[in-house]
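Quick setup: one chain, the form predicted alone, written in structure tokens, and binding and motion questions come after.
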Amino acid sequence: MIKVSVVGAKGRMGGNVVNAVNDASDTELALALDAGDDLTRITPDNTDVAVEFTVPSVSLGNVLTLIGQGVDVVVGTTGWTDEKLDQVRAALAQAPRPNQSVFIAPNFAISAVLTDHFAGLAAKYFESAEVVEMHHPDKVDAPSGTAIHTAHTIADARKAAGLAPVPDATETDGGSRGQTVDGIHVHAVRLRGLNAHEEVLLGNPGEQLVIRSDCFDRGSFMPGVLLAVRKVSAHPGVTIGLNNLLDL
């Protein structure tokens, strides 16, 4: 049995993780902690993997504390920058247990991971590319970490193929063209009734390819979370993206 502690257990995603861990046949819940709780209660004696689902403002501190406690960590909180990742890598270099692991996923939904993967495969064949992400209005960040990751995936594929910048003759848009991420326009919609949705639009003269992921319920993320819990220890250091755990 894999002993799992959940940080952010009272949140929307954390609560689903608690239920998923309890329901799975090969995992058991060790501790369910939330804001204000002492994370040093999590130790290798009671926990194999800690799952962190909180908010960007506290996630880095939580992860650094968990590394110091000597446990592997699966992170679902978004908002990670290169600077923050460097701090995590530095902490792992000084970790109390050799070969400790931190796994960070921009998205745990299999459909979203495949959307990102397929977008990277297709991007080199199209002149134009844009990303539209749509979420519920309670989401605190925009654009989503998933959309930013997809934009980078598309941009990397275009650069490798030697493509010119995406054509755009807009002169003054008043902000309507969304945020530009690595040369790719990313648009965020916040609408009551939505959960988590992403659409990648790829265009050539006379044709269009649309790749879309729709996650209607937070339960759609749980198979990916459990996959990460099961495999994180086999990937020492920092691993980013569920695609690294799938046979792609």
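Throughout, we count residues from 1 along the sequence that is shown. Under this definition, the rigid core comprises the largest set of C-alpha atoms superposing within 1.5 Å between the forms. Since the structure is predicted, the reported quantities are computational estimates derived from the model, not experimental observations.
The same protein also exists as the form predicted in complex with another copy of the chain; that form is not shown, yet it is the one meant from here on.
Another copy of the chain is not shown here, but in the model of the complex it comes within 4.5 Å of a heavy atom of Gln208.
When contacts are judged by a 4.5 Å heavy atom cut-off, Arg212 counts as touching another copy of the chain in the model of the complex. Another copy of the chain in the model of the complex is approached by Arg190, whose closest heavy atom lies within 4.5 angstroms of it. None of the heavy atoms of Gly162 is located within 4.5 Å of another copy of the chain in the model of the complex. Candidate site formed by Val18, Leu60 and Val88: none of these residues places a non-hydrogen atom within 4.5 angstroms of another copy of the chain in the model of the complex. Of the candidate stretches 149-157, 130-138, 97-105, 70-78, only 130-138 contains residues with a heavy atom within 4.5 Å of another copy of the chain in the model of the complex.
Residues of 154-179 lying near another copy of the chain in the model of the complex, listed in sequence order, are Pro167, Asp168, Ala169, Thr170, Glu171, Thr172, Asp173, Gly174, Gly175, Ser176, Arg177, Gly178, Gln179, the criterion being any heavy atom within 4.5 Å. Once the rigid core is overlaid between this form and the one not shown, Glu198 counts among the residues whose Cα shifts by 2 Å or more.
Relative to the superposed rigid core, Asp138 undergoes a CA displacement of at least 2 Å between this form and the one not shown.
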